Each structure stands twice: as C-alpha cells, then as structure tokens.
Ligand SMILES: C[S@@+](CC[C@H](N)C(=O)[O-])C[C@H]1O[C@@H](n2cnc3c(N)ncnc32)[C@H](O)[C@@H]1O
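Only one chain is shown below, in structure tokens, and it's the form predicted on its own.
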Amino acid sequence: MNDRAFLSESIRLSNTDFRRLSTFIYDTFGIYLPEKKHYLLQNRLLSRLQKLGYTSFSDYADFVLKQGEHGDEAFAMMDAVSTNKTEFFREKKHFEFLKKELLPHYFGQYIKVWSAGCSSGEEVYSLAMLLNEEKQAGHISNFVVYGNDISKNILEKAVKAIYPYRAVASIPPEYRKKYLLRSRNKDNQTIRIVPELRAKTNFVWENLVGNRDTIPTGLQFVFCRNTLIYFDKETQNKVVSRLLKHLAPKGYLILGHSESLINNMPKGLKMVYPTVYQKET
C-alpha cells in the first residue's frame, strides 16, 4: 500500500474541521462548499497533508488558519481544491456571437478584454486568436486580453502556454498552423501558442472577492464563464458588481451557458442574448 492510499484510509476530515476549512475558504475566496462537498474537500487535501507531513486534518486546519488569508498554504490549498476544467473555444456560440454581432460595434478601436477566472489560459488564447484575425482583416486597430485566476500554479501554466497535443481538437483548423507550435518530442507531444499571440496577453494573479484590483477599466468585453457557479448569490452579486466596474459604458459581460442573471439582474445591465449582458450608459 502506498503512502497516499494509507493516508486516505487512516485520516478523516471531521465535521468540525470541515466547517473550519470551508468557512475559511468562503471568507477568503468566496467559494461556497456545502456539506455535500465534505468528502471532496477531504480527498483533495490529502496530498497537502502528505506533502507537509501532517497526520490529522485538525493540525492542518490549525496551520492554514494561523497563516491566514495571505499565507502561502491558503493558495496551495486552493490549487488542490479548485476545478480547472477548460478548453480552447469552449462554448463556441459565444465566440461566433462576439465576432458577428458584437465586434462590428467596435470596428477601428483598440479592443480590451478580460477573461475573469481564466484557469490555464485556453479562453484567453482563444480570444486572442479571434481578435488577431479581426486585426489582420483591418476591423480593429489592436487588442489585449487580460486573464486572472486565484491559482498561482495554474497561472504559470497560462503564461507558459504549453498544452497537450490533444487540446488542438477544439481549435478551428485554420488557426492551428497559424497560432500553434508543435513540439518535436514524439513521446510527449505538446503544442505552444506562438510568441506573437502571447505578447497580446497579460496574466495577473487576482482574487475576484479580494481587495487586490489590478485589471484596468474601460474594457469592451468581460468573459466570466463557469466561474459564478462556485459562488452563492451574495458573492455572485459582489463579483458581478466588480466586473461591471471594469466595463466601459455599453460594454458586454459574457457568462457561461449554465449561468444566468435573469432572476437577479443588477441595475444598469440588460440581457442582449442568452448569458450575454450589456452595461447601459
């Protein structure tokens, strides 16, 4: 039996320590973990206990809470807990709508986009590919795509822009030769985004419910897809208000297909397409 299997069988997360850690995660990162996530949290954190040498969740919780919200372990814990599921051109209808319906309103302009909760960067580079095509077609003057995430490790992957070769399946064929570099390692084939496109991106560590706020204002588009689902209604309202602050008047907020503001529409926002909202003047 390996060490990980031994840990998983011998160490249990008590209800008390679950509440301690889940409350800390909510207060620090805004992510709500209901009781049904008890065993998910336990299993995700076993690797942290193993690495740090703890043999009880009580001691680990003491360590995390003593370091506090700015401690290194708080972010290491979120790296372990976070689900970083993403892919290039995920929910393609949004990219089609952006190109055909929204960008024509901004022809000739310098386009600024924010991918909030960008994970490992696939959404950022998908937007960069689309916008670079629009720039080369003479439709826009230039562009930049910002990306943020609470996971420092996942942001490092985004900056490196190296992905497994299987990731190309969701990238349009006409973009593959133009924007991807293929590794020569036949045993571990990867692709990397070309440097010209990487230069059009800016990744920053930022917690959407934290005090640090480094993304500029006056953006035409904010993508925040499949991120709000991890927050409760109160936190969702705070995050949406923050995102809107960065949008220029008449700018657009694009959410994931499983997210909606219809029953909780903020003042000064209107829906123009399912999960696409415009900031009013």
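Please read all numbers here as calculations on a predicted model, not as lab measurements. Start at 1 with the first residue shown and count on from there.
Unshown form predicted together with the ligand; subsequent notes refer to it.
Q: Tell me whether Glu96, Arg166 and Tyr179, taken together, all sit within 4.5 Å of the ligand in the predicted complex, counting heavy atoms only.
A: No, because Glu96, Arg166 and Tyr179 lack any heavy atom that approaches the ligand to within 4.5 Å in the predicted complex.
Q: With heavy atoms only and a cut-off of 4.5 Å, decide whether Arg192 touches the ligand in the predicted complex.
A: No, Arg192 is distant from the partner.
Q: Thr227 versus the ligand, in the predicted complex: is there a non-hydrogen atom within 4.5 Å?
A: Because a heavy atom of Thr227 falls inside 4.5 Å of the ligand in the predicted complex, the answer is yes.
Q: Check Ile171 for me: does it contact the ligand in the predicted complex (non-hydrogen atoms, 4.5 angstroms)?
A: Contact with the ligand, no.
Q: In the predicted complex, does Asn188 come within 4.5 Å of the ligand, counting heavy atoms only?
A: Flag for Asn188 set to no.
Q: Among Asn153, Ser82, Asn202, Gln109, which has any heavy atom within 4.5 Å of the ligand in the predicted complex?
A: Exactly one listed residue reaches within 4.5 Å, namely Ser82.
Q: With the ligand left out of view, choose which of Leu103, Val144, Ala74, Val209 has a non-hydrogen atom within 4.5 angstroms of it in the predicted complex.
A: The residue in contact is Val209.
Q: Counting only non-hydrogen atoms, which stretch in 111-119, 193-201, 130-138, 179-187 is within 4.5 Å of the ligand in the predicted complex?
A: Selected stretch: 111-119.
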